[in-house]
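Shown here is one chain on its own, the form predicted on its own, set out as structure tokens.
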Amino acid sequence: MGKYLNLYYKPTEEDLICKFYIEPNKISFEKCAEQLAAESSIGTWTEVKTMNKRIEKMSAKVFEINKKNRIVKIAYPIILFERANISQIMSSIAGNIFGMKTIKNLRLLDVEIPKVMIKSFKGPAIGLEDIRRIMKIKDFPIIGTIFKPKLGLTPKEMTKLAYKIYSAGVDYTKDDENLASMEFNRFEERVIRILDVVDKIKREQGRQVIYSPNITSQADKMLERAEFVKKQGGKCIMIDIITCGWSSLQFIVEKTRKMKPIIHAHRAGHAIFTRNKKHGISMLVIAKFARLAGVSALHTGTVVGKMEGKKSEVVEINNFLRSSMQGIKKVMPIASGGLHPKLVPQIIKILGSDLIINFGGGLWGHPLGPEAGAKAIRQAIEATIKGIPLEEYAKNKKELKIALKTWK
């Protein structure tokens, strides 16, 4: 047994534990695991004269090996990490190791975060229960949509569409991930116009609907936009957390904590490193750190929609977001991507009703228009919650009836 390989080691309560899938490249499995632990903690490619006994005690330790499944578990002493600094933590456990020649494939499957590290994070200012309280929606999925086409609409066009779909039963609208502040659609005008509609719906229907504008940009610009949304009475902001990065996300969360916006976390770009099951980082790991960082709601997958994602994986992520975590608030899962009314029973059966369900083309593509699309979605959810088959419920609901014929 060496500094980095110790199968007799018993992890302490303060160790951060990583579960990796590894495929060695022309070296033994044990040697590969040992090099992985070294590079991700105190070691390098050769012995150095500056190493001493004190530093050796800081080494990461491979304490479990399953060669059949190609799984190793590595324990990292808490002293290796700066508390509440996700960028530094990820640079260690998911940094240089992915570029090592001695590793053919490597995937960070899971991470067990010690209580002492969890307590260094504040988590969400607004969590799952807060979202339901703000919107006054209980025991029913929150019906969301993404304005479509995803690019090209003007603020004035979006305003008209927002009123139509809110009036028809949509609870929650959001910008798409690549809509920022372009010539054809400036951020400030869009926010002012749509939040005026949000206020109008509250006056007319007594409903607190939500608009989530995409503030994604440089960190200082995102803060300006978040403050602008708050000034206009907005209750939610959206951030593309992968393309912005952990440091930008943590910056915005901390700077807006007193404002308490709902922070809608879009995961655009995640599949670059989450999709290949032999290499990269799992979405579960991303979800764990996103919750600690302080997001309120997170895209996690649909299982039945257009986006890739195994049932077991999506369910595990959603269960984690809704579980207790040392006082860190729960996060609302978001199902989004290729959804339409006919898929509603499967979505709720698999993922439950404690989530936001976002419909894009499955609302805007309804033959009778977006209002009918919104009504069909609500009808599908009502039927599912009541335990009534969609076809039966649709007999006297023309919007749902047409939707079921449109999307098979």
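Position 1 is the first residue in the sequence shown; the rest follow in order. This is a predicted model, so every value here is computed, not measured.
The following text describes the form predicted in complex with ligand CAP, which does not appear among the structures shown.
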Selected contact from 291, 225, 267, 190, since only one has a non-hydrogen atom within 4.5 angstroms of ligand CAP in the predicted bound form: 267
330, 235, 174, 107 - the one with a heavy atom within 4.5 Å of ligand CAP in the predicted bound form: 174
Ligand CAP in the predicted bound form: contacted by all of 160, 201 and 370, heavy atom 4.5 Å: no
Segment that reaches ligand CAP in the predicted bound form - one of 379-387, 336-344, 41-49, 27-35, heavy atoms within 4.5 Å: 336-344
Non-hydrogen atom contact residue 261 with ligand CAP in the predicted bound form at 4.5 angstroms: no
Distance check, residue 148 to ligand CAP in the predicted bound form, heavy atom within 4.5 Å: yes
4.5 Å heavy atom contact, residue 141 to ligand CAP in the predicted bound form: no
Residue contact check: residue 307 to ligand CAP in the predicted bound form, 4.5 Å heavy atom: yes
Members of 41-60 lying within 4.5 angstroms of ligand CAP, judged by heavy atom, in the predicted bound form: none
